[in-house]
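A lone chain, given as structure tokens: the form predicted alone.
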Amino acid sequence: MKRVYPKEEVCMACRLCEIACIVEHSEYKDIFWAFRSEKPRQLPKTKVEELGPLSFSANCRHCKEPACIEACITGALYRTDEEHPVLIDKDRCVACWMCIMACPYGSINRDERNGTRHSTKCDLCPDKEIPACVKACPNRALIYEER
């Protein structure tokens, strides 16, 4: 299965991966409408982490043996098989945040918009051949490949 891998040595923390993710998961898939009109705005499913000169996009690695699925008490996190991404069923998530604590990559976040609470994470942009974050990265600091 292909996954998104960061290259810390070339990431310049421009956060275009986060913007591309917001636009891709927005209702209109248009940068203007996603940021200007959509309320509440989508949350990025990837997050750029920075510490001094080091930066990288913390994407879900869709682990072969996902700790998040093991930690989920309701079965909200799931995967159909090893060749598919780990996904979240928002309706089953009870916001216990066990998946956030279990993820070794820190790539699961809280979504507490509109009075609802559930976890959110990368879904590898299921309608795209290449995830939006990878396509938007000007420095090729994100690689989408099978390892």
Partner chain sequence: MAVGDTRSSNFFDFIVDRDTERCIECLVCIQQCPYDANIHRTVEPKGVVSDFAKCTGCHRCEAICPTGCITIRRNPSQFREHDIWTDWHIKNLYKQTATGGVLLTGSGNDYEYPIYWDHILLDACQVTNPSIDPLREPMELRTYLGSKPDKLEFEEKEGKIELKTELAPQLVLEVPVLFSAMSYGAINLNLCEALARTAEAMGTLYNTGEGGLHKRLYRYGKNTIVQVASGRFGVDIDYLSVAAAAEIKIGQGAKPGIGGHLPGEKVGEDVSKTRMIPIGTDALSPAPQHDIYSIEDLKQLIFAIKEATNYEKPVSVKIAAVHNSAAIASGIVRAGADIVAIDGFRGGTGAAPTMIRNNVGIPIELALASVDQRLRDEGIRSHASIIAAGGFRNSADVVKAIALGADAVYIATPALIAVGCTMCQKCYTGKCPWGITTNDPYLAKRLNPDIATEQLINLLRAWSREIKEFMGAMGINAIESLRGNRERLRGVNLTERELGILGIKHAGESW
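The model shown is predicted, which means the values in this text are computed figures rather than measured ones. Numbering follows the first chain given and starts at 1.
The same protein has a further form, the form predicted together with the partner chain, not shown here; the description that follows concerns it.
Residue among Tyr28, Trp97, Tyr78, Phe35 with a heavy atom within 4.5 Å of the partner chain in the model of the complex: When the partner chain is considered in the model of the complex, the option within 4.5 Å is Phe35.
Just checking whether Leu54 would be counted as a contact of the partner chain in the model of the complex - the rule being heavy atoms within 4.5 angstroms. Leu54: yes, in contact with the partner chain in the model of the complex.
Against the partner chain in the model of the complex, would Ile130 count as a contact residue? Criterion: heavy atoms within 4.5 Å. Outside the cut-off, so no.
Residue contact check: Pro126 to the partner chain in the model of the complex, 4.5 Å heavy atom: Answer no; every heavy atom of Pro126 is more than 4.5 Å from the partner chain in the model of the complex.
Although the partner chain is absent from this view, report whether Cys21 comes within 4.5 Å of it in the model of the complex, heavy atoms only. No, Cys21 stays farther than 4.5 Å from the partner chain in the model of the complex.
Just one stretch in 45 to 53, 66 to 74, 86 to 94, 108 to 116 has heavy atoms within 4.5 Å of the partner chain in the model of the complex, so which one is it? Heavy-atom contact with the partner occurs in 45 to 53.
Check each residue of 1 to 15 against the partner chain in the model of the complex and list those with a heavy atom within 4.5 Å, in sequence order. Lys7, Glu8, Glu9, Val10, Cys11, Met12, Ala13, Cys14 sit within 4.5 Å of the partner.
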